[in-house]
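Take a look at this one chain, the form predicted on its own, written out in structure tokens.
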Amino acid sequence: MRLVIARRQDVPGWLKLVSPLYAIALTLLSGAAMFAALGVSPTTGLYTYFVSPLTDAWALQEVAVKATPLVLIAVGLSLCYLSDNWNIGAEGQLVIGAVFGAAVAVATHGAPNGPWVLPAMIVAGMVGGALFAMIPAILKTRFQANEILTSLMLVYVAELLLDWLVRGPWRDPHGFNFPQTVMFEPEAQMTRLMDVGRLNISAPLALLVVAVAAILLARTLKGFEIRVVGEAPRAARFAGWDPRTLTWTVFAISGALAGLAGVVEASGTLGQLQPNISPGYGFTAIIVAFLGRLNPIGCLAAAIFLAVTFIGGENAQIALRLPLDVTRVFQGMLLFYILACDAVIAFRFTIVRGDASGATA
């Protein structure tokens, strides 16, 4: 007896679009069972995680704050994945972007500065993220190294570099020995959109990135090239497109957007550089990209949903005394169900009885 997996040839387009909804429903059912096993009412647990973050203005601001870096990173990852390039190291690219952006803020701290500081930080962060992302891209195109492994391993390099900087040369001398830089000057911080809360100009910037990426994929030759190289590489070669150049391009764009997310966190959310600058946005954005069907607008909706789980997890810590790891379990289940639903829709699973040649017993 053996399992035969064959790709379906007639999968309706609408079924691919509703697949994430099935995954979300299964995640909610599994979450309800998990809450029951933890001794918490499933209704109360699900309400705390998915409804309470939407019930007041402050929580809605925090959802937007959490969703902004997720959507920035996910849009860049979508371009990579659509072109069959598997960038798994966005977390490290975020960290390097934050480091490059913070370098400008730290270097100009205490000096008479102007409005040029924040744009310089943004440019530096995007350049840093792009350069760091180019490392696995070059290793792939030059030495055929697996970009999944190289991009993932570079995350540790970035995190250790950040840790050394905030504990060593960049540590605030008046920070009571905490591993952090000085607080950035007002010119080096993102402008707040409201008097109360942390919502800043990075949120509309993320919406602009979504709009540009949507137009790129739907209306430009480069977007068509990205899709063709990913779906039909042989046809792309006949069209004269160089997959190596496209690999460098999408990795650079993905790294730049992850670096921008790092600057957003450093200058917009925290106002300084810390070792725990990211709660795992680079890895969570992978879930966002697939939940959003590798579509920029879909990534925006998925980022908001995942941001709700972050805020809901913090609420559950306070109200239900649940560990923050429950949030990671939710996100892990969501990714599992997304992949499982896609596999069931895209492939036909058949159990064949008989020997290896396929003859039935």
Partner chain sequence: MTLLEAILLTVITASTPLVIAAIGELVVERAGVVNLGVEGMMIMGAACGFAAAIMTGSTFIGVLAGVGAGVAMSLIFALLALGLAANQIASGLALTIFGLGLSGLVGASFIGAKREAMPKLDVPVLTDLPFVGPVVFGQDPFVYISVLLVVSVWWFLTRTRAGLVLRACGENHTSAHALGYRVLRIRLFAVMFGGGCAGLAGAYLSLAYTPFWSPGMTAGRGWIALAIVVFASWLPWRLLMGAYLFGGITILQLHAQGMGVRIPSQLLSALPYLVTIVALVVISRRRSGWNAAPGALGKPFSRDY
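Residue numbers count along the first chain shown, from 1. Predicted, not measured: the structure shown is a model, and the values here were computed from it.
One more form of this protein should be noted, the form predicted in complex with its partner chain, which is absent from this view; the next part is about it.
The stretch among 198 to 206, 238 to 246, 95 to 103, 157 to 165 whose residues place heavy atoms within 4.5 Å of its partner chain in the predicted complex is 157 to 165. Although the partner is absent here, F143 lies within 4.5 Å of its partner chain in the predicted complex, judged by heavy atoms.
In the predicted complex, at least one heavy atom of R328 sits within 4.5 Å of its partner chain. Using a 4.5 angstroms limit between non-hydrogen atoms, L335 touches its partner chain in the predicted complex. Although the partner is absent here, A232 sits far enough away that none of its heavy atoms falls within 4.5 Å of its partner chain in the predicted complex. Here is the short version: of V352, A25, V18, A340, the single residue with a heavy atom within 4.5 Å of its partner chain in the predicted complex is A340. Interface residue among L149, A218, A107, M183 relative to its partner chain in the predicted complex, by the heavy atom within 4.5 Å criterion: L149. Highlighted residues W58, I253 and F310: none comes within 4.5 Å of its partner chain in the predicted complex, counting any heavy atom.
Residue F290 is the only member of 289 to 310 with a non-hydrogen atom no more than 4.5 angstroms from its partner chain in the predicted complex.
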